[in-house]
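The chain below stands alone, shown as structure tokens; this is the form predicted alone.
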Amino acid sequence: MKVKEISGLKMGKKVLVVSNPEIFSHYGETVLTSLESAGFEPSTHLIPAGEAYKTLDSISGIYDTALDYRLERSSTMLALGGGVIRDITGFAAATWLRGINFVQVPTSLLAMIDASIGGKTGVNHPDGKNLIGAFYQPRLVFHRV
């Protein structure tokens, strides 16, 4: 992953990478190494894979990590994964400190297409899918890891 594009956006140094364990096992080391070599200070938050984890509880976990890591208004949340990770991370970025930087690194063809034309973020409510959310565009979308 070439992170010079992120450096050019003049964002803060702290980057919270949100992913699931399976995707992170394939791409996590590459992403973290790339961020570190570009002068960023990455941290990670992993969420189990699947639609069942597209919940406010998952968002709360991201908020806890953001608080522990002291993410600031200039910080970035980076979604490494497919649709569920993208939706959750985008919603968390849209609502943490009333909106911080959001970068997507989609890892499936469908996620790449959605990331290119999307902006829809959110989580499910027990009574319906995607009832809680926001429109929040990423600052940058990588189409290759």
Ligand SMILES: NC(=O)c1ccc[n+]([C@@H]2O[C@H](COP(=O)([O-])OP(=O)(O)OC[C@H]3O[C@@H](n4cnc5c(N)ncnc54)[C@H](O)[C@@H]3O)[C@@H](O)[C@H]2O)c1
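All of these numbers come straight from a predicted model, not from anything done at the bench. Counting begins at 1, following the sequence as shown.
Form predicted in complex with this ligand: not shown, discussed below.
S.K.: Taking this ligand in the model of the complex, would Ile23, Thr107 and Asp114 all count as contacting it (heavy atom within 4.5 Å)?
M.R.: All of them do, each having a heavy atom within 4.5 Å of the partner.
S.K.: Please identify, from 90-98, 45-53, 29-37, 59-67, the stretch that has a heavy atom within 4.5 Å of this ligand in the model of the complex.
M.R.: Residues of 45-53 come within 4.5 Å of the partner.
S.K.: Since only the chain is shown here, I'm wondering whether Val84 would be in contact with this ligand in the model of the complex (any heavy atom pair within 4.5 Å).
M.R.: Answer yes; at least one heavy atom of Val84 falls within 4.5 Å of this ligand in the model of the complex.
S.K.: Answer with yes or no whether Gln137 is in contact with this ligand in the model of the complex, where contact means some heavy atom within 4.5 Å.
M.R.: Judged by the heavy-atom cut-off of 4.5 Å, Gln137 is well away from this ligand in the model of the complex.
S.K.: Taking heavy atoms only, is His125 within 4.5 angstroms of this ligand in the model of the complex?
M.R.: No, His125 sits far enough from this ligand in the model of the complex that none of its heavy atoms falls within 4.5 Å.
S.K.: Check whether Lys10 has any heavy atom within 4.5 Å of a heavy atom of this ligand in the model of the complex, and answer yes or no.
M.R.: Outside the cut-off, so no.
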